[in-house]
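This document starts with one chain, in the form predicted on its own, laid out as structure tokens.
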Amino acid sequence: MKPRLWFFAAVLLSAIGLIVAPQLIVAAPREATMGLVQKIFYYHVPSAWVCVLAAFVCAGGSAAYLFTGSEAGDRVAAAAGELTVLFGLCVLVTGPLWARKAWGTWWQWDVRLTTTLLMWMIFVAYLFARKYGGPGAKKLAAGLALFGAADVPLIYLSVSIWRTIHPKTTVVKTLDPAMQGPFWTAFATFTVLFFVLLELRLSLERARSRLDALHLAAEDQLDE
């Protein structure tokens, strides 16, 4: 399949964003308490958003596969599942780097941190289930994807329900106006980059599907 026009536009936009966003982040004012390390925020929060987005896309594709048998849905789920783990890893790396300066420790068993780690581990299990789960691997993995996505609302609401040291979800609204531009530029860049990576990964899944179909056709010809 030939790449579509939207894909080239998305690649261009993400490339521009990846060039412009770091420059805006460097130029943004430093936070009074944490100083330079606070700039991790501009990468940490967009990574968390994309991780959540990927988890929901994976769950949606998994639901389509479970309830309708959609192979296209399963391909979307496989691609999004890998991106959930990738961006989740970015969250789990940038978070402790920020926490070391803000809280004086790399990790706290805070509710939001713990539930985020749990979601990431579920999607790691999703990838392992797809690869090593045997004949029912896809259905097993799809169930895990739905379970992992169900953890997302808990992650979001955790800072409002429980006492936590993690910043609340309203922190973006309280940003200095000079920080808003760099943040939303990074946020938009990560979002567009997600769809670029998703399409690239889906292209690989489509190619694998066509190759499997060709192998089956060749075997049928040999049997005849």
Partner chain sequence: MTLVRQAALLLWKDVVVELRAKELVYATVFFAAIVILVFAFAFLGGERPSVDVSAGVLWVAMALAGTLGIGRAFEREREGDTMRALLLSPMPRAAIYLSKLVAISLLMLLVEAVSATLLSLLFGVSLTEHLLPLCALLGLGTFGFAAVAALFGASLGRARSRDVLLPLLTYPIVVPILIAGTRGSVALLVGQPEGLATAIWWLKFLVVFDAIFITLGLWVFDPIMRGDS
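Numbering follows the first chain given and starts at 1. Just so it is clear, the model here is predicted, and its values are computed rather than measured.
FYI, the form predicted together with the partner chain isn't displayed, but the following is about it.
Looking at the partner chain in the model of the complex, residues Trp49, Cys90 and Trp106 place no heavy atom within 4.5 Å of it. The partner chain is not drawn, but in the model of the complex it has no heavy atom within 4.5 Å of Trp98. Although the partner is absent here, Leu53 lies well away from the partner chain in the model of the complex, with no heavy atom inside 4.5 Å. Among heavy atoms of Asp110, none comes within 4.5 Å of the partner chain in the model of the complex. Ile40 falls outside the set of residues with a heavy atom inside 4.5 Å of the partner chain in the model of the complex. Among the residues Ala178, Leu157, Leu36, Ala27, the one placing a heavy atom within 4.5 Å of the partner chain in the model of the complex is Leu157. None of Leu66, Ala188, Val45, Val196 but one reaches within 4.5 angstroms of the partner chain in the model of the complex through a heavy atom, and that residue is Leu66. For the stretch 81 to 109, the set of residues having any non-hydrogen atom within 4.5 angstroms of the partner chain in the model of the complex is empty. Relative to this form, Leu157 and Val45 separate from one another in the model of the complex, with their C-alpha atoms ending up at least 3 Å farther apart.
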